[in-house]
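Okay, so here's just one chain, in structure tokens, the form predicted alone.
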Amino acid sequence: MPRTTDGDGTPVPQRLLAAATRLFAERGYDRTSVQEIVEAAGVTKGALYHYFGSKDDLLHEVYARVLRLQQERLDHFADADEPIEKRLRGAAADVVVTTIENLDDASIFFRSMHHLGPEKNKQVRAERRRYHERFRALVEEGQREGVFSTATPADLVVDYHFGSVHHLSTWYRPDGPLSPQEVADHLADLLLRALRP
């Protein structure tokens, strides 16, 4: 099957994901049919099932693509030859910016995760756990080195930060007073202040 249709030349998987993301955000996952997705993407059901086994697979990929991006970026910050405080701050701010840049994807996922089948749900939880463990390892590294306070357990520090990240879709507005980077800087600074010895 060709990678594009006679539309704008965008590869079919990206067209399907863009249509699904828009429709899931507008109508909700459970109120969006496969037929509506393929019509919005300008492809056939056969094309959808060629690239994605089900609507469930589309929902999973909406979130997985953001998580893959965030994991790659976190790995970059974690592996950098920089002081731990700079690496953690960069990672903490970056996850805020990438979440805001993909706010529809994140909000769809948190509203609709319960629709995933058991295997996809397990897979997503494992991917998120891997991300959170890598982030926690940065906190723990700083605590071992005496750069960060050990008064608060690293797990709680991570939960605190990601609680803020996961709630961005409930209040952040692109036309609001703060840019994505400003929100990211504020939240990263809050995290570092909480870790000061």
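A residue's number is simply how far along the shown sequence it sits, counting from 1. These numbers were taken from a predicted model, which means no experiment stands behind them.
Beyond the structure shown, there is the form predicted in complex with a further copy of the same chain, which is absent from this document and is the topic of what follows.
His115 is the sole member of Arg73, Lys120, His115, Arg87 with a non-hydrogen atom within 4.5 Å of a further copy of the same chain in the predicted complex. Here is the short version: of Thr44, Thr152, Ser33, Ser54, the single residue with a heavy atom within 4.5 Å of a further copy of the same chain in the predicted complex is Thr152. Taking the partner from elsewhere, Tyr63 is found to have every heavy atom lying beyond 4.5 Å of a further copy of the same chain in the predicted complex. Looking at Glu39, you'd find every heavy atom of it more than 4.5 angstroms from a further copy of the same chain in the predicted complex. Shown alone here, Gly163 lies within 4.5 Å of a further copy of the same chain in the predicted complex, counting heavy atoms only. In the predicted complex, none of the heavy atoms of Glu145 sits within 4.5 Å of a heavy atom of a further copy of the same chain.
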